[in-house]
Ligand SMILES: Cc1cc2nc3c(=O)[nH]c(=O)nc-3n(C[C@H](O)[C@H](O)[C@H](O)COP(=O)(O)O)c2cc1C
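Shown here is one chain on its own, the form predicted on its own, set out as structure tokens.
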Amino acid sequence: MATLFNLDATKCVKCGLCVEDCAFGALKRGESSMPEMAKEAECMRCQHCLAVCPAGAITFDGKRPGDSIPAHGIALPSFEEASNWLRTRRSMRKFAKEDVDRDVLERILRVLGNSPTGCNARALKFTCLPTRNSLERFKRDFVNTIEKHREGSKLLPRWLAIPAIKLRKGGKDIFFRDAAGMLIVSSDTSSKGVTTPVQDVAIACTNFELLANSAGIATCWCGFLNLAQSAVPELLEDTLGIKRDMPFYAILFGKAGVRYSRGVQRDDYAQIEMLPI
């Protein structure tokens, strides 16, 4: 019967790296100095043991070392390439009127499962509106929910009420920028071990932006949706089933509708304090 931690004794070199790298002491050296699970309740499912084993002797939770990406000899961006991306990235507020490639989008979303979460909680949900049609349906539900809220004699701030009326009438869309799609990353705080839900969401959104941009997909962080939900708490629960107490953030995406010729100059905005050594 398979267990969480499985060791191929014929491959294990008894180096002890997996035991040493187990941050919570779930592993120990057992008979003949071979590693074994000692405290499964302490295991945070980080898979460090699978990743650190030089011999590929550990299968963790059914995940085999041969199916992992090797950590050496693979293509990684250089510091110059990564810094160039950060200096030239733009929030796109003008999108082309076409959908993005569905296969590319699905590949990006699968990779997002590797985004780090506090205590490896892995309680993130990726709700994707992948096409212009799906986002248009959401917009209609968005406006309907806002109007129902207003009809209930609940006051709405002008910044929300007026743009929502314009959106209903086919006017300028300042909420969603006429994007091709939208990703909402949320965290289920009711799940066990969730300690940093807001940070988990932000990290995953940043990773999505990085991956999307590398695939030729432009992005824009949609803070308006958070502001709208603060005024209409039932907004996402009624439209997408995302509970009102779940931390979330949304990113708009699509093909770029404008091309920038250069990056901006913000290096001098960094406030750096080097403490004495």
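Residue indices: 1-based, along the sequence shown. Values in this document were obtained by computation on a predicted structure and should not be read as measured data.
Beyond the structure shown, there is the form predicted in complex with this ligand, which is absent from this document and is the topic of what follows.
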Worksheet item: In terms of non-hydrogen atoms within 4.5 angstroms, which of the given stretches 52-60, 237-245, 218-226, 31-39 touches this ligand in the predicted complex?
Response: 218-226
Worksheet item: Given that this ligand is left out here, which of 122, 166, 107, 89 has a heavy atom within 4.5 Å of it in the predicted complex?
Response: 89
Discussion item. I'd like to know whether residue 266 contacts this ligand in the predicted complex, with contact meaning heavy atoms within 4.5 angstroms.
Written reply: yes
Worksheet item: Heavy atoms within 4.5 Å of this ligand in the predicted complex: does residue 149 have any?
Response: no
Item to complete: Report yes if any heavy atom of residue 94 sits within 4.5 Å of a heavy atom of this ligand in the predicted complex; otherwise report no.
Response: no
Discussion item. Within 4.5 Å, heavy atoms only: does residue 208 come near this ligand in the predicted complex?
Written reply: no
Discussion item. Just to make sure I understand: among 170-208, which residues lie within 4.5 Å of this ligand in the predicted complex, judging by heavy atoms?
Written reply: 177
